[in-house]
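The chain below stands alone and is given in structure tokens; this is the form predicted on its own.
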């Protein structure tokens, strides 16, 4: 309904000495549909106009004339309530749906700008646990949302492929490793060796010293250490790629921590030149206490770099390579301090783009059994979760629709969708308690609920058959108009809607673009997830109240066009969440 908001801003702006954009920023959606589509709170004008908000609203309501989309304006206490012309709104929606189809609702806000999104970032030689789910699906959805907003998006998988843990793995493999087991199931086998190393190190602390020595050899380019590390990395990345492909997730860059190893010296030198890196007991420290942050190590006394040094180097490389407008780090909230330090150091190094680096934090996935620990081997594997969800989906589909031809495809779409949506529907800031019952609940605010609405619409459109082509020029003959003006034809369709359920469905559909924009601005896919639940709910109310295929020809054609628009929005919205929209299930 962005055009309607624009019209309100244009009409109201000059009357209250605001820009159209400023007016739009204050518009609210009333709690009751009877109160109009948008409301403007006149409290914000009270001090400047030196009048009571109610008095301001009453006066402004008399000054505002109806427009192309604006049907009327009334005051409701201290609010100005705006009502849209439903036929004109419906005509505009149908026109855009028919024109844009799979791009309906998408915007061009970010045209000419580049956004980098750093997400997923699993550690090499460790299997995908459920703990990787949040960064992966939130980052994937934000990437899709920002593309829908017109930005050039670069998805970055900053692999955890460097650090002391690889010294531990090399020691473990050289002591206990077996080539045949590594070939059979590389990532899980390396994970088992990693867990064994920590158990053995509890009784033999010298193992930790040996691991640190092996990592120093790796940093210095020891051929044997590098060969093992490269093998671990390749085998792990192949396994990760298999899971990403299964989930429909892709990246534009897989540059991990190791890529920046040869650039670290330049970063350290810059920090020294700026007077930021100061020596302390042989190590280099960035003093951040004057800025209300703890100081942090940039380089150990043995010359080894730290995680934050690699992140600094990566950020500089990314700006030099992409000239980004924004760089988003989709990383858990437990790393909040790390990113505050990172961004402050970038600022102190003199990079003006430091202000465009944004941490997108999210809560933990918590387990009833306790917190997950890769060292102890207490991990629920993501692939096990997905497999179990798909099996449950298959059993439900078999029960409800035993004659469905493509049960496997539908089961995968529904099972994957249930897990992904089960994460994204939550406000990312909040912790999510993981348990099988909540993840695999197929009722209520879930992906299967939305997917089923989409499949039901597809079924209706199939049954309409030759009587409905979905092509505007072909289907408008039911309205017996001789006008060649397509917009006039569309307005006549809009006038055919008079049931409250039809009108509410049109209103909800019209909010798609602004929900995409809001999800992008607030960096919360949950906004879009809840919107799609509401749209599916409004469709189901319409479906149970307004017959489609048995209605008279004009109503039937209008309603078919309406639900085709709903289908398009559901499909496009699910796609932005990284979820498939099956046509049958």
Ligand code: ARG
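All of these numbers come straight from a predicted model, not from anything done at the bench. Positions refer to the first chain, counted from 1.
Keep in mind the form predicted in complex with arginine (ARG) is missing from the figure; the text below concerns it.
Chemist: With arginine (ARG) left out of view, choose which of 331, 243, 88, 455 has a non-hydrogen atom within 4.5 angstroms of it in the predicted bound form.
Modeler: It is 331.
Chemist: I need to confirm a contact call. Of 73, 143, 123, 136, which residue comes within 4.5 Å of arginine (ARG) in the predicted bound form, counting heavy atoms only?
Modeler: That would be 123.
Chemist: Give a yes/no on whether residue 132 approaches arginine (ARG) to within 4.5 Å in the predicted bound form, heavy atoms considered.
Modeler: Flag for residue 132 set to yes.
Chemist: Looking in the predicted bound form, any heavy atom of residue 158 within 4.5 Å of arginine (ARG)?
Modeler: Residue-level check for residue 158: yes, a contact with arginine (ARG).
Chemist: Taking 4.5 angstroms as the cut-off for heavy atoms, does residue 339 touch arginine (ARG) in the predicted bound form?
Modeler: Yes, residue 339 sits close enough to arginine (ARG) in the predicted bound form that at least one of its heavy atoms falls within 4.5 Å.
Chemist: Classify residue 118 as contacting or not contacting arginine (ARG) in the predicted bound form by the rule of any non-hydrogen atom within 4.5 angstroms, answering yes or no.
Modeler: Contact check for residue 118: yes, within 4.5 Å of arginine (ARG) in the predicted bound form.
Chemist: Just one of 507 to 515, 173 to 181, 303 to 311, 399 to 407 has residues with a heavy atom within 4.5 Å of arginine (ARG) in the predicted bound form, so point it out.
Modeler: Selected range: 303 to 311.
Chemist: Need the contact residues for 25 to 39: heavy atom within 4.5 Å of arginine (ARG) in the predicted bound form, sequence order, or none if there are none.
Modeler: Not one residue comes within 4.5 Å of the partner.
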